[in-house]
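This document opens with one chain alone, in structure tokens, the form predicted alone.
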Amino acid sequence: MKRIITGIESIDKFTNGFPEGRTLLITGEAGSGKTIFGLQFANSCCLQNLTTAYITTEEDSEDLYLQSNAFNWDLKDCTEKGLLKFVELAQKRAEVTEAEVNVELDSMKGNFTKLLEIIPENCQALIIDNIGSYTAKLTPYEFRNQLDLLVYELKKRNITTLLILDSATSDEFNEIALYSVYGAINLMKRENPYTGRRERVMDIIKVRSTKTPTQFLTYEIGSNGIVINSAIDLQ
């Protein structure tokens, strides 16, 4: 199975990257680094000359460019070269005046499979950040059916996908989502019982057909993005 390098060095050395054409779920609380994970993956995909799309439901591209620049990822250059395209749903919604009705965006609420309609045809890698914005009023049954369809269609198109889910939505649907996706990673913040200090930990819950660590991995968000603290964690 062909692999896509994630850009997180220790993870790539251990797993050889994410399986091509499969969907992986990223969950985590606010401040755990979900968007940074997505941007780091997008940058890595562009470095591998993969045509990449980043669907953002909450932030605009300028904010994401600023975040990326903090880690020396020149995503604007990737955009100019045609390797990366931001699809800004939040910006589209903000541009609608009070007198207008944006039927297209409103129809996505409770039907996130409509995201398939806005993915560029030549897309090889995709980040959706985050899908929780479009799960309003869904029952668990409806959520499972829609997610299954989304994952199926993305696999059929051979698009390697990071699907980001916010903590509020994951609390309700996380267990259901785990059955649909090929892999899942949860980002957390916790208090270290030995040092009493707060730390970030990553739980690679599963990645099918892939060797994965069973223990929590401590990580930091430094000048180069997400970095696993010690290679010992992956032994």
Ligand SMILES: Nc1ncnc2c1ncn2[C@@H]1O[C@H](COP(=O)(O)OP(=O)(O)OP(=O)(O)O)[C@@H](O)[C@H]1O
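Not measured: the values here are computed from a predicted model. Numbers for residues come from their place in the sequence shown, where the first is 1.
The form predicted in complex with the named molecule is left out here; the points below concern that form.
- The three marked residues, D148, E153 and G183, fail to reach the named molecule in the predicted complex, with no heavy atom of any inside 4.5 Å.
- Shown without its partner, this chain lists I36, L50, V201, I205 as candidates; in the predicted complex, only I36 has a non-hydrogen atom within 4.5 angstroms of the named molecule.
- Between the named molecule and the residues N174, T210, Q67, S61, the one pair within 4.5 Å by heavy atoms in the predicted complex involves Q67.
- None of the heavy atoms of T56 is located within 4.5 Å of the named molecule in the predicted complex.
- The named molecule is not drawn, but in the predicted complex it has no heavy atom within 4.5 Å of F86.
- Proximity of L217 to the named molecule in the predicted complex falls outside the 4.5 Å heavy atom cutoff.
- Within this chain, I221 lines the site of the named molecule in the predicted complex, having a heavy atom no more than 4.5 Å away.
- Judged by heavy atoms within 4.5 Å of the named molecule in the predicted complex, the contact stretch among the candidates 155 to 163, 69 to 77, 112 to 120, 136 to 144 is 69 to 77.
- Shown without its partner, the chain has no residue in segment 129 to 149 with a non-hydrogen atom within 4.5 angstroms of the named molecule in the predicted complex.
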